[in-house]
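Okay, here we've got a single chain as structure tokens, the form predicted on its own, with questions on binding and movement later.
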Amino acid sequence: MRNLSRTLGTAVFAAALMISAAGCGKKKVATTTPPPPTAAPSGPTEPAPAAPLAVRINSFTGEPASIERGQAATLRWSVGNSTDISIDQGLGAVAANGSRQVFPSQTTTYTLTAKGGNQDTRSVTIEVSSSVPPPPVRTTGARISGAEMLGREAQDVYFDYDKNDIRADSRDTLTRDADLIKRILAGDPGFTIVVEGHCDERGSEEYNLALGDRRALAVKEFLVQLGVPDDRLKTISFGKERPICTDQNEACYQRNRRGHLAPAQ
């Protein structure tokens, strides 16, 4: 009986030992905790910079499109999204919207260029009649004086605002005036011409007298370079005292900014 109890106790202990060993052999499964989500940055985000607006020429016209030599045409334009705007043929930089009177002596194409993020150009052509007017009718045996010839055939030249530079369109005019003066002097070597400098009404009287003087001198120097004797030319400035147009607009101002040839009294 004692042996039986010992045998049962040994069996129970062996069974317990096997259960314990089996429990120790189980593998633990590791669990991985996912990382917390990344928090979105706080505050407003800056928008991407906008692309620059495209430069565009809305309109560019010349009116009238056909003129007689010595007449004026008016250029008008409108440009968007640009501050770098110019017109060739000596007109230079201009505002985004405006107009300019021109006096081409021959058929001329004007090109408007606007720059910015891109470049836009447009051109207009002013046709100038090349027909030469017939010579004045003369009475047989009658002689036309130098003063009459100068009054009939000499042409004024025009200046830009606040400038005394001889413009490109004025060079052809002064070339014809120089030829006229030489013809007059060939018949009357003692004939003397006064070159008048005129201004528009803007600015003080003193300033415009000085500007008119510079304009008259510029015309005289150009004529001398073309072969007109220096001692046959005198200069005088009338400033803004003798306007030929009194309207307050650019077309009128342009007509008053001039150099004029007159016989000396």
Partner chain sequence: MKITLILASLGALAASAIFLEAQEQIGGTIIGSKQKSKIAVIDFRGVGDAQKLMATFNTTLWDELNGSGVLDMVGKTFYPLEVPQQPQDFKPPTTAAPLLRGGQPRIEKHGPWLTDWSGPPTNANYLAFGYTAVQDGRLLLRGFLFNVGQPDVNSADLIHKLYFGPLDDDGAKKVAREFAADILQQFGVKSLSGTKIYFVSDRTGNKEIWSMDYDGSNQKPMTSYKTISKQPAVSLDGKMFAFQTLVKSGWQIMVHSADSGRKLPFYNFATSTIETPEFTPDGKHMLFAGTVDGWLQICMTDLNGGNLTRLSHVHASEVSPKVNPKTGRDVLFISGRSGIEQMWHMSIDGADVEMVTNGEGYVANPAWNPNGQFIAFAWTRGFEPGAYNIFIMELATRKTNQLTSNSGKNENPWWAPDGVHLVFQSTHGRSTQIYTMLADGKHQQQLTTQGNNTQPVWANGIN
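Residue numbers count along the first chain shown, from 1. What you see is a predicted model; the values in this text were computed from it and never measured.
The same protein has a further form, the form predicted in complex with its partner chain, not shown here; the description that follows concerns it.
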Query - Partner proximity in the predicted complex: residue 241 to its partner chain, non-hydrogen atom cutoff 4.5 Å - result: yes
Report task. With heavy atoms only and a cut-off of 4.5 Å, decide whether residue 231 touches its partner chain in the predicted complex. Result -> no
Query raised in the report: So in the predicted complex, does residue 68 come within 4.5 Å of its partner chain, heavy atom to heavy atom?
Result: no
Query raised in the report: Counting only non-hydrogen atoms and a 4.5 angstroms cut-off, does residue 204 reach its partner chain in the predicted complex?
Result: yes
Query - Candidate stretches 100-108, 80-88, 178-186, 161-169 - the one whose heavy atoms come within 4.5 Å of its partner chain in the predicted complex - result: 161-169
Requested in this report: Using heavy atoms and a 4.5 Å cut-off, decide whether 125, 156 and 173 all contact its partner chain in the predicted complex.
Outcome: no
Query raised in the report: So which bits of 223-239 sit within 4.5 Å of its partner chain in the predicted complex, heavy atoms only?
Result: 234, 235, 236, 237, 238
